[in-house]
Ligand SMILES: Cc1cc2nc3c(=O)[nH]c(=O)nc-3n(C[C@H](O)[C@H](O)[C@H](O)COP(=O)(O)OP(=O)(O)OC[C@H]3O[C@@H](n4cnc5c(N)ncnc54)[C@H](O)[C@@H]3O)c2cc1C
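In the block that follows, a single chain appears as structure tokens, in the form predicted alone.
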Amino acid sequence: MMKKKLVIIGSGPSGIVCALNVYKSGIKAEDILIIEREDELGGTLNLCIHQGFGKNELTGTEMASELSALVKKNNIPYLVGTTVISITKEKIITAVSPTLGYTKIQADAIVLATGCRERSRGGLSIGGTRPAGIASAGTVQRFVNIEGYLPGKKTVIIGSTDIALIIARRLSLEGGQVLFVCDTRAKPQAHKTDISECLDYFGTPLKLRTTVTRIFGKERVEAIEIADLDKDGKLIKGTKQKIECDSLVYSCGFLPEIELMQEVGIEIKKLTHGPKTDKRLETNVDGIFACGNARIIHDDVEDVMADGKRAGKGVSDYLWFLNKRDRIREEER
């Protein structure tokens, strides 16, 4: 069984920053291991080809490259294309990969930097069929930026989040037509700058207090029905419209990735849907920490990285205490 002082699950900005800070605290690089299920370090940054990350306004991919380079420069071990399928309270990690197969790793401490996932379309509560052509913003981001596919020629986007608007701009740049972006809210969720750059520049309408009430189509989306909402969120009679389109993209927000946490018995907060942690970002399970969007959804990558730094300090203190305890026990023997 492989043994490590620290195993970090997830190589997004919080995971990598955590690893770098633990390394700087004096833990040897060879005692640290980063596990990433995708084929490259960097997490979801690799999906983001738009600028706006960090003080230097890098693209997500550029920031991912810079962080990955620091991991490699400091010789911190990592595994990519490797999926963690379970962890235990004894901090035994079970992972699988095409190269290593079925592997068990014993850690002194674990940091869960698994990021977040999008809310499912089941939460949309829209009547009608569920044909092809309906996808989350994150899925579309992968289709366009990584796979090189345009998910539709005439698209409607539900949600006015930053990522929804970025997708609207990306589809427009690739030759698709975004008919409009709609949101049930009275005010958009995204910043004014994003609205200007992603919608206004391309002439894409933003329909607020508007909801999609029905989806039409058998094999693929053929049309949707929309309606206006009053200030109480109720449908306004006589405002229903049928809009022809071939794709519907939704952005319903994000939730921390907590499946591994639930399995090991980590307490989850109802409000944030993330783990309960103390000041050091340690969970109720001894030696298991959480940071970044796996702990709470952050708006900016700087906040995610700050969370990783905070977790790094907490883990360093924890490992120092373990080392001191072990030395005392040896002396007593």
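In this text, all values refer to a predicted model and were calculated from it rather than measured experimentally. Numbering starts at 1 and follows the sequence shown.
Absent from the display: the form predicted in complex with this ligand. The rest refers to it.
Using a 4.5 Å heavy atom cut-off, indicate which stretch of 200-208, 172-180, 158-166, 100-108 touches this ligand in the model of the complex.
After filtering at 4.5 Å, what remains is 158-166.
Can you tell me if I9 lies within 4.5 angstroms of this ligand in the model of the complex, counting non-hydrogen atoms only?
Yes, I9 sits close enough to this ligand in the model of the complex that at least one of its heavy atoms falls within 4.5 Å.
How about D31 - does it come within 4.5 Å of this ligand in the model of the complex, if we only consider non-hydrogen atoms?
Because no heavy atom of D31 falls inside 4.5 Å of this ligand in the model of the complex, the answer is no.
Might T239 be said to contact this ligand in the model of the complex, defining contact as any heavy atom within 4.5 Å?
T239: no contact with this ligand in the model of the complex.
May I ask you to state whether E282 is within 4.5 Å of this ligand in the model of the complex, using heavy atom distances?
Outside the cut-off, so no.
Where, within 21-48, is there a heavy atom within 4.5 Å of this ligand in the model of the complex? Residue list please.
I35, E36, R37, E38, G42, G43, T44, L45, C48 sit within 4.5 Å of the partner.
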